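The data below hold one chain only, encoded as structure tokens and taken in the form predicted on its own.
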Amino acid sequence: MWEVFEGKALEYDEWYDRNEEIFVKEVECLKKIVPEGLILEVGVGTGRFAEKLSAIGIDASLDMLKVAKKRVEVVRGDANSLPFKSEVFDAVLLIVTICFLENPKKAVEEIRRVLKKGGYLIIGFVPKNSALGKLYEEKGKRGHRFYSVAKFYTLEEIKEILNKNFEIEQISGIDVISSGDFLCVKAKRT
């Protein structure tokens, strides 16, 4: 699905300028649960979150990486086959990216491989059943470039994707339109 972002990185990146208040809240939510150490953001996009959370980034979209490399260290790669040794990172971030993965369970298994024992997977996402999730899904049905290929998940579905590979330690959220429009999940590698 990453192909949808090719040629549109600047358009995507401008969303953060137009919605700075939301972005700041999302970063604050994530900062509360992101641990210290070597951190990787899978699906780094244009590097906005990685820059604020001191992470290196990986993305399949060359167009996104061209923008992100101005902010952070980046590598081109796929979430299902990360080009890193096993047990390297203290934390891996999946911020909004989970809704654009074709096989999120496989990606989570691969993320587990590159996490150190006791490392954390941090997922930031817009829940399907939130007011914002419903708005984005409606925009997708009307043909929005990005939301039309996104698959939104409930918290219960995220827990299912994590399965027995991770144990959720903390969940926090922010309000955008209504309560819990963006959730931050901190899950420890088992």
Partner chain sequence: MRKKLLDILACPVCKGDLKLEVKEENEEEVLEGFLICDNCNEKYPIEEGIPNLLPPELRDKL
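Quick caveat: nothing in here was measured; it's all calculated off a predicted structure. Positions refer to the first chain, counted from 1.
The same protein also exists as the form predicted in complex with the partner chain; that form is not shown, yet it is the one meant from here on.
At a distance of at most 4.5 angstroms from the partner chain in the model of the complex, none of the three residues Lys8, Glu20 and Leu53 contributes a non-hydrogen atom. Although the partner is absent from this view, Lys66 contacts the partner chain in the model of the complex, with a non-hydrogen atom inside 4.5 angstroms.
In the model of the complex, at least one heavy atom of Val74 sits within 4.5 Å of the partner chain. Mapping the unseen interface onto this chain, Gly118 falls outside it, with no heavy atom inside 4.5 Å of the partner chain in the model of the complex. Looking at Lys105, you'd find every heavy atom of it more than 4.5 angstroms from the partner chain in the model of the complex. This chain is drawn without the partner chain; in the model of the complex, the residue among Ala150, Leu162, Ala60, Cys29 with a heavy atom within 4.5 Å of it is Ala60. Residues of 76-104 lying near the partner chain in the model of the complex, listed in sequence order, are Arg76, Gly77, Asp78, Ser81, Leu82, Pro83, Phe84, Lys85, Val88, Phe89, the criterion being any heavy atom within 4.5 Å.
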